[in-house]
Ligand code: 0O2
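Okay, here we've got a single chain as structure tokens, the form predicted on its own, with questions on binding and movement later.
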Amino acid sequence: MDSIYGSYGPALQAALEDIIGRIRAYSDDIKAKTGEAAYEHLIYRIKSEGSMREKCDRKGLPQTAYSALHDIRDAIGIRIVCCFLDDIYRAIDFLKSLDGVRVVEEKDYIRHVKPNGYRSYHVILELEEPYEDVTGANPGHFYAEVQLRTIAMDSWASLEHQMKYKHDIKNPELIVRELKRCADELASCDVSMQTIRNLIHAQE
């Protein structure tokens, strides 16, 4: 079976490498100026064939390169895990400032928390790259979904994701309540850690 990304796979990979290189350079620049990296972890991927075909089916779209690269906008996925809340918003400002990058969708689940306690900042970026895209445009446009979280948010999301797929839970309502309580406690810790950091910086 041919790749769902068709002949655009190499361009998609190049677009990923370009944006990741710019994010790493940003962190290196911040570290050179402040002594602290801009983030703790940088995780990225191109959505697998199976996952992309499944998503096309779920959205009622044909399994084509056009669906995967135009209608669906997370073929490139990036997660930036930061130590502090301020680092997330600083990274968002950086992404918005990049030449050839446009924010097409933005969801702040940190200030507007999901009912289950999930916190994260999501942006969909449109990346202009010197390659033909699926519409025939050159320079082409490729999409990336970026999720930004603190370490605490990322830990909670990973554990919640694991438990969500355990089907033999006997008391799901209690588990949901406890997960929400843990999310709120971790969020309180994030605020406290940011406050401590601000106090330390104020003394420098």
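From 1 onward, residues are counted along the sequence shown. Quick caveat: nothing in here was measured; it's all calculated off a predicted structure.
Beyond the structure shown, there is the form predicted together with the named molecule, which is absent from this document and is the topic of what follows.
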(message) For the interface check, one of 143-151, 175-183, 34-42, 62-70 should have non-hydrogen atoms within 4.5 Å of the named molecule in the predicted complex; which one?
(response) 143-151
(request) Using heavy atoms only and a 4.5 Å cut-off, decide whether all three of 84, 90 and 111 touch the named molecule in the predicted complex. (result) no
(message) Please determine whether residue 128 contacts the named molecule in the predicted complex, using a 4.5 Å cut-off between heavy atoms.
(response) no
(request) Using the partner position in the predicted complex, report whether residue 116 sits within 4.5 Å of the named molecule, counting heavy atoms only. (result) yes
(message) Since only the chain is shown here, I'm wondering whether residue 49 would be in contact with the named molecule in the predicted complex (any heavy atom pair within 4.5 Å).
(response) no
(request) Although the named molecule is absent from this view, report whether residue 55 comes within 4.5 Å of it in the predicted complex, heavy atoms only. (result) yes
(request) Scan 80-108 and note down the residues that get a heavy atom within 4.5 Å of the named molecule in the predicted complex; none is a fine answer too. (result) 107
